[in-house]
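Before any questions on how it binds or moves, here is one chain, the form predicted alone, in structure tokens.
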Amino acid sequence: MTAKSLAAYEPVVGNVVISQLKQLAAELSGAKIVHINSTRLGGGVAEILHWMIPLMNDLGLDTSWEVIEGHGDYFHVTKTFHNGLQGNPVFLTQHMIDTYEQTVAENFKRLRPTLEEADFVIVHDPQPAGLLDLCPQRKGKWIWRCHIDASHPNRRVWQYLRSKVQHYDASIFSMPTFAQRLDHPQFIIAPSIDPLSDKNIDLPQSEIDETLTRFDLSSELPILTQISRFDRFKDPLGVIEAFNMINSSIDAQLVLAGGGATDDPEGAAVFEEVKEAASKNSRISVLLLPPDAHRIINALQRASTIVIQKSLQEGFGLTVTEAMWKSKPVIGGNTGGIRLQVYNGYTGYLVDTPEGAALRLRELLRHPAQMRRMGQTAKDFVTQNFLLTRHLREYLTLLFGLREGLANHLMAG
């Protein structure tokens, strides 16, 4: 369970950090803040909001979390938006646009009083982006938070989405290269992890051992793990290919673990493809986990020798940060936000191909002292850059700047 009070984080980050957050929040005391996304379970956005909402409230802000409701056709459209923002050659029809706008309009009827009264509305990703146009009576500032790598979007998809987000008061991206030109101030805020959540807190060795036994994994062999949604952009088939390349010369196990999200209709099909590819090698375990399997994921990461996140495209990749927090070297795809976290040769390795992943896996497995050094460097790097207190500080600074009309000054600085 996420800690509900900032005081619990003082032993991790120090009292100066906590005091600074309280000072910033005092300037916004009582402000009504609404976060809106597309799911409460599954995916990094939901994970972030699970800790951010209670901690903002603990700081004296009146913060709530709303979720867009929709049927399968709507989420098929928003998955198309997601894939299109990442550059896929998707096809966006007028019927799809009508489906999206009708669903957003239905949600607005339900959310209207909350949205009109809020001092700040933070809209996460494309799914709720159309709400702004329906709320001319809004009194507060609206922020579009894009968690996706939108650096090279499909032109038709971005043309449509830009019409929905350009009138926001500000937007947030995870990296400068992800941003697109918009007619308002833009800010860079990298995601973060909660070190005291069930997914990241220290676990007793007995729980880790029980998890290995539960999934028939050996503690005697190196465990290579990728934890992610079953999504083609996470390239689980490429991970299997890399593992098969080293399997004849190195005794190890591969674990592909994860689940789906309620707003991702493609997950089940990808899971079946992964199972089929893995069935040819008895050393590969494919685990479909429920959305609340946080301690299981924690245990699997802590039991792992190396953690892999061989994404083809990635907005950030919280699983990379989680693994580094647990002092694990990470072999990550040379893409998106993974480049912010994996410093080649220091906290892990960046790779472009299954062959590159296989090469780095062999190297690390044959040099355990190098793995340990990388793991410690990774833990230190996360402590300094990717914990939730830094994330909160940047959000509070942005909200204060927007309220005081300082957004352009903040952006220039």
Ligand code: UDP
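Note that this is a predicted model, so its numbers are computed, not measured. Residue numbers here begin at 1 and follow the sequence given.
FYI, the form predicted together with the named molecule isn't displayed, but the following is about it.
Undergrad: Do Ile227 and the named molecule share at least one heavy atom pair within 4.5 Å in the model of the complex?
TA: Answer yes; at least one heavy atom of Ile227 falls within 4.5 Å of the named molecule in the model of the complex.
Undergrad: Please tell me whether any heavy atom belonging to Gly43 falls inside 4.5 Å of a heavy atom of the named molecule, as the geometry stands in the model of the complex.
TA: Contact with the named molecule, yes.
Undergrad: I'd like to check something about Gln127: if you look in the model of the complex, is any of its heavy atoms closer than or equal to 4.5 Å to a heavy atom of the named molecule?
TA: Answer no; every heavy atom of Gln127 is more than 4.5 Å from the named molecule in the model of the complex.
Undergrad: Considering non-hydrogen atoms and a 4.5 Å limit, does the named molecule approach Asp58 in the model of the complex?
TA: Asp58 lies outside the contact set for the named molecule.
Undergrad: Heavy atom within 4.5 Å of the named molecule in the model of the complex: which of Val77, Val123, Ile306, Ile297?
TA: Partner contact (heavy atom, 4.5 Å) among the options: Ile297.
Undergrad: Just one of Gly259, Gly336, Pro195, Gly84 has a heavy atom within 4.5 angstroms of the named molecule in the model of the complex, so which one?
TA: Only one option qualifies, and that one is Gly259.
Undergrad: Of 370-378, 352-360, 30-38, 43-51, which is the one stretch near the named molecule in the model of the complex, taking non-hydrogen atoms within 4.5 angstroms as near?
TA: Going by heavy atoms within 4.5 Å, the stretch is 43-51.
Undergrad: Give, in sequence order, every residue of 302-326 that has a heavy atom within 4.5 Å of the named molecule in the model of the complex, or say none if there are no such residues.
TA: Stretch hits, in order: Glu314, Gly317, Leu318, Thr319, Glu322.
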